[in-house]
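Have a look below at one chain only, the form predicted alone, in structure tokens format.
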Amino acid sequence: MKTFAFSKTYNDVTVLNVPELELHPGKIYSIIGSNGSGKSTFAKILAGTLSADQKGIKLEPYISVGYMPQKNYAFRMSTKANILLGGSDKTRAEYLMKALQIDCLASRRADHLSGGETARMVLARLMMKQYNLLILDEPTAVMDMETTFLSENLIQQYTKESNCALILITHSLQQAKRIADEILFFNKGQLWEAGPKEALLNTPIHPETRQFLKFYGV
């Protein structure tokens, strides 16, 4: 699938300017960059929750998009009922809860869950459906290492089984290294560099990319 080039400006300051991109089914694209580099703005525009400067479609028509923002929301009902809002397949819901180790929380009020539990619940709710494009903005930021690994395994499995293109925004270069196929480095609102993860992490082209990777220990 192809996205269209777009930009976003606030108070005459361009905070994001990205070229046309081609996202391939079955691949995980990890977006890295410092705070304020435009990563979440990019995600919101692709997800349709924020408008770009230019009017029009930012994705090819008829693309189904799933989106998990940084701030997760739990409805005032049970964890299982929350997950079933994503789809009616109870067997699928039970499988996802077990895979994310929240099956023991099925009957608990979802708005009483911890931050990490809520994130896993929201991830399960999203994965009740199949999308052409799934966008996850820091999905494991409030999880411990054990549940982070569980979530990463499920993300990889979902991408393979659904054959979707998956965008993963992360501050963890180790996470990008573990599960991404390709990495996109954002810097000052620009897509600075992109490519297969081995090439970008080991032999980056731009000095800014090398400096960022060195600072974060890669």
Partner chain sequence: MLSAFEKAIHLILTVDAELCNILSVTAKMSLSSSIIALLIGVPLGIVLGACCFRGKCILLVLNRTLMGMPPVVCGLLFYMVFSGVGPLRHWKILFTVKIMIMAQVVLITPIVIGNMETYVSGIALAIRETTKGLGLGKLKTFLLLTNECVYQIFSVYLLAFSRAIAEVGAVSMVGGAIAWKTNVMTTAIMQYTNRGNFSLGIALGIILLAVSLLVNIIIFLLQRRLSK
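Positions refer to the first chain, counted from 1. As the structure is a prediction and not an experimental result, all values here were calculated from the model.
Although it is not shown, the form predicted together with the partner chain is what the next lines describe.
Scanning Gln54, Gln157, Asn163, Thr49 against the partner chain in the model of the complex with a 4.5 Å heavy atom cut-off leaves one residue, Thr49. Relative to the partner chain in the model of the complex, residues Tyr67, Tyr73 and Gly86 are all within 4.5 Å by at least one heavy atom. Contact between Lys129 and the partner chain in the model of the complex is found at the 4.5 Å heavy atom cutoff.
Taking non-hydrogen atoms only, Arg120 never approaches the partner chain to within 4.5 angstroms in the model of the complex.
Proximity of Lys44 to the partner chain in the model of the complex falls within the 4.5 Å heavy atom cutoff.
Among residues of the shown chain, Val142 is not one whose heavy atoms approach the partner chain to within 4.5 Å in the model of the complex.
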